[in-house]
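Single chain ahead, by itself, as structure tokens, in the form predicted on its own.
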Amino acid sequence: MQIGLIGLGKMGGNMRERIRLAGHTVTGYDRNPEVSDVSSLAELVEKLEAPRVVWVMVPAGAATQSVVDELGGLLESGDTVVDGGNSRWTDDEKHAEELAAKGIGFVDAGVSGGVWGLQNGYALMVGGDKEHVERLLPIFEALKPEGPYGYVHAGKVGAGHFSKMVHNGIEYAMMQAYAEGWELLEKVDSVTDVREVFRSWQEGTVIRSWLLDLAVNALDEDEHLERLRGFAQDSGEGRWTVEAAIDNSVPLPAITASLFARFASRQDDSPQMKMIAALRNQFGGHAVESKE
């Protein structure tokens, strides 16, 4: 299958390679000419045979809107656009309507896997009309982890990104719990090897998880996280999750508290936020701030 891929950063670049390894043809475009296969979106569209599929992996908001607008002028009726970034689900509804007026299909794909996706595969939560989604099944199969799980057609347009938003909200709360436990263990005099306590939890406990494994990785690199500043950014999806909870009268005390804890990190050099920052760097390659 042929596909165009726009945005070849930490996620997009690895996705291009994983799709190619599955035997598909990928033409990638990025503003960085060193990684791009073509020099423009127009050239990318020219290289694809109709009906075309173009997957967008750029930052949410203005960047995604700009690409969708340009693709709307380049693509033809029968083509399909996939937004695999972290767009808000309400933007998906807008983009689907704009493109549908030109006969162009739209699919939103929440993608989870971070910098490990090339090796482990990506969890995919997809929204859109059945006819558009089914056309992309070979690409979804290439990207997902091996085995029966890791891909879901979650519902209509917006459902994929809404599901990924909730996933990230849960992620916030889980990271916060590990961070709070780590800080308490570091604080008391009786526990002398916090890193090995975390390592002991990796087998046979009810709190074992990939995030716990990544926490141990981070502690192996910097046992007391002394090289990190206690600051952690929020991507926006935590805020959207809390806002959606308010709109739907659903109580989310743990996720809401974890979001507010991120805000607290901007006031002081928070020990908990050192662990949050370390975890975000481990799974997503997100930047960290050093003590220097």
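Keep in mind that this is a model prediction, so the values were computed, not measured. The numbering used is simple: start at 1 and walk along the sequence shown. We call the rigid core the largest set of C-alpha positions that still match within 1.5 Å between the two forms.
Here the subject shifts to the form predicted together with a further copy of the same chain, a form of this protein not shown in this document.
In the model of the complex, Thr192 approaches a further copy of the same chain with a heavy atom inside 4.5 Å. Using a 4.5 angstroms threshold between heavy atoms, Ala142 stays clear of a further copy of the same chain in the model of the complex. At a distance threshold of 4.5 angstroms between non-hydrogen atoms, Thr80 is out of contact with a further copy of the same chain in the model of the complex.
Phe106 falls outside the set of residues with a heavy atom inside 4.5 Å of a further copy of the same chain in the model of the complex.
Residues within 4.5 angstroms of a further copy of the same chain in the model of the complex, judged by any non-hydrogen atom, belong to 193 to 201 and to none of the other stretches in 70 to 78, 94 to 102, 134 to 142, 193 to 201. Relative to a further copy of the same chain in the model of the complex, residues Trp182, Arg208 and Glu226 are all within 4.5 Å by at least one heavy atom. This chain is drawn without a further copy of the same chain; in the model of the complex, the residue among Ser39, Asn32, Ser66, Asn248 with a heavy atom within 4.5 Å of it is Asn248. Contact residues in stretch 115 to 137 (any heavy atom within 4.5 Å of a further copy of the same chain, taken in the model of the complex) are Val115, Trp116, Asn120, Gly121, Ala123, Met125.
Comparing the forms between this form and the one not shown, the C-alpha position of Arg280 differs by 2 angstroms or more, with the core used for superposition.
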